[in-house]
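Only one chain is shown below, in structure tokens, and it's the form predicted alone.
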Amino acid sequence: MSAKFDFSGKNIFVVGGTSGINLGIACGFARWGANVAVASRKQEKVDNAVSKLKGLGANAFGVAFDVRHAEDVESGFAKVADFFNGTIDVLISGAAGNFPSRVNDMSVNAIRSVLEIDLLGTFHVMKASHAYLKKPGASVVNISAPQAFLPMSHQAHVCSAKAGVDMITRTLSMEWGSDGIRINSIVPGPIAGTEGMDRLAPTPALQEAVTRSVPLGRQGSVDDIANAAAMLSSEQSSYISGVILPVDGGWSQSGATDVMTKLSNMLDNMKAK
């Protein structure tokens, strides 16, 4: 269930905010009274997300750009800042790409794609955002993944990319601290009903295996992640910066690596049949 926060009049920009966890975060801020902008690569998905946010009562805006291209990101931020009359209070950076594959089966283009979306894309978003973030007081939340600090079979590309994202978070918490800008990462665990979870565990049996591996005994919801993003972006977290926060029911403390390896091997066997 979504918690209660008050972001009335605040300007929130969710990059990658047209589907899954990121759309859930955007919807959360819409319900909490914020002005909300979203961005992703496809205009149709942007339009659909904006329509949904307006249906929740938000003053909403959207722009399409590809995070892999710095000039497009810069142009998109300028449009969003214009809609917001100049400043962004909260930035959520969540663009990501993933697919399960062993390194020996992965092409150079495949690993390049994930590195460019996750790592280079985060760099582009961070660099373009600084001029528009409200200083002091702005909050930046990068959406990371447990692969950033847990090695997982079939996930070398994501492990590498997300480790870099978390180091960008930690480094910028130092570089931007003097501007009054806080920057943190959220690390979602297994989140039910998302495209990523359905891709990694596409059968009921695999979903159940994931659920059993979570100490709290359930998969998370998009509201769990939205609540964490709001908490980190609220005034009550004004002294929190440089934190890598798992929101995963204790999953990263116990069975994450083992279950992901088993899932990947099971998927390999399914493909081979």
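Bear in mind that the values here come from a model prediction, so they are computed numbers and not experimental data. All residue numbers refer to positions in the sequence shown, first residue = 1.
Keep in mind that the form predicted together with hexanoyl-coenzyme A is not shown, yet the notes after this line are about it.
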Please state whether all three residues Val114, Gly196 and Trp251 have a non-hydrogen atom within 4.5 angstroms of hexanoyl-coenzyme A in the model of the complex. yes
Please identify, from 74-82, 177-185, 105-113, 130-138, the stretch that has a heavy atom within 4.5 Å of hexanoyl-coenzyme A in the model of the complex. 105-113
Is it the case that Phe149, even though its partner is missing from this view, gets within 4.5 Å of hexanoyl-coenzyme A in the model of the complex, heavy atoms only? no
Contact label in the model of the complex: Arg31 to hexanoyl-coenzyme A, heavy atom within 4.5 Å: no
Heavy atom to heavy atom, is Gly164 within 4.5 Å of hexanoyl-coenzyme A in the model of the complex? no
Looking at the partner-bound form in the model of the complex, is Lys52 within 4.5 Å of hexanoyl-coenzyme A by any heavy atom? no
Within 34-53, which residues have a heavy atom closer than or equal to 4.5 Å from hexanoyl-coenzyme A in the model of the complex? Arg41
